Every structure is written in C-alpha cells, then in structure tokens.
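Let's start with one chain on its own, the form predicted alone, as structure tokens.
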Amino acid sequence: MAGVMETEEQARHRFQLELEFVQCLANPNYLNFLAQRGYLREKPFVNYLKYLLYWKEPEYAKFLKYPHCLHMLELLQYEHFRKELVNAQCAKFIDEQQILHWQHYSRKRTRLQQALVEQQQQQPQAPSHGNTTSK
C-alpha cells in the first residue's frame, strides 16, 4: 500500500502511539521485558528503534515528559546494549543509576534555587522614583 496518504487523524494517532512508546523506553524494566521476549533481536524492531530517532529533533523532543528516554533510545541502537538488557541485573543497575541521577538533580536544583533566592534578597532595593515630593 505504498503511496497511500495518511489522514490527519491517522497521523495524530501515530504521533500519540510513538510518543507513548518512546517514553516507555525510559523504563529499564520495560526494556528488560522487551529483551527477554526477543523483540530486541528482531531486525524489524531494531529498524523501528532506528526510525524513532527523529524524536531527538527539538520539534518532537519538546513533547516528551521523560527526556531520559532519548538516551535509552540512543543506547538501543547498539547491539551490545540490547543483548545486555536480557539480564535483569543490568536493568536493575540502570534503574538504580536513574534514581541516583534524579536524586542528585533534585538536590542540586533545590540548592541552586535557594542560592538564587538568597542572592535576590541580598541585592539592595533600588529607590523608587515615583511622584512623591518631599516637604
């Protein structure tokens, strides 16, 4: 059925499905599930993962809630990584590393926000130049 144009509704539906699937790739347990069932060894599936790399483009990436999925999508392009995901310990390690990253990021972000607030509080207030007259 080559050459058949996709309707706007079909394109929107495909966009939503691919968006959801790409974001699922951020979950190492899901990747382990795919690997254990042999999907990551199938050439059509590997080609599909390659096709999904378009999500790295800014006009698509802006829709992602879990941008870490893009890193996993990139790693899934490598056969060695796909093979390692069969091992539950590999998925567990990735999961733990993600948690550590998020914890570090959250603490660092909080410290940066606190420092910004403190910096703003320490700045002298500029005198207002309103319409008040001194008597």
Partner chain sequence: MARKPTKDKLLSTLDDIEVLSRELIEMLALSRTQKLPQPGEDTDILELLVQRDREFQELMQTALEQGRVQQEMQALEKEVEKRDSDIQQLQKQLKEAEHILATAVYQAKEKLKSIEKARKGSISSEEIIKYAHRISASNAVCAPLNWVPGDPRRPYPTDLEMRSGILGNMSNMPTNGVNGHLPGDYVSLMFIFANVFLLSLLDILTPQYPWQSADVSMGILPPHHGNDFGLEPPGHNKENEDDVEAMSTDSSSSSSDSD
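Just so we're on the same page, rigid core means the largest C-alpha set that superposes within 1.5 Å between forms. Residue numbers count along the first chain shown, from 1. Here the structure is a predicted model, which means the values were calculated and not measured.
What comes next is about the form predicted in complex with its partner chain, which does not appear here.
Participant: Does the 4.5 Å heavy atom contact test between residue 119 and its partner chain in the model of the complex come out positive?
Facilitator: Because no heavy atom of residue 119 falls inside 4.5 Å of its partner chain in the model of the complex, the answer is no.
Participant: Report whether the minimum heavy atom distance between residue 95 and its partner chain in the model of the complex is within 4.5 Å.
Facilitator: Within the cut-off, so yes.
Participant: Indicate whether its partner chain has at least one heavy atom within 4.5 Å of a heavy atom of residue 50 in the model of the complex.
Facilitator: It does: once its partner chain is placed as it appears in the model of the complex, residue 50 has a heavy atom within 4.5 Å of it.
Participant: Contact with its partner chain in the model of the complex for residue 112, defined as at least one heavy atom pair within 4.5 Å: yes or no?
Facilitator: Contact check for residue 112: no, nothing within 4.5 Å of its partner chain in the model of the complex.
Participant: Can you tell me which residues in 40-58 come within 4.5 angstroms of its partner chain in the model of the complex, by heavy atoms?
Facilitator: Counting only heavy atoms within 4.5 Å of its partner chain in the model of the complex, the contacting residues of 40-58 are 41, 42, 43, 44, 45, 47, 48, 50, 51, 54, 58.
Participant: For residue 10, decide whether the Cα shift between the shown form and the other one is 2 Å or greater, given a superposition on the rigid core.
Facilitator: Moves: no, less than 2 Å.
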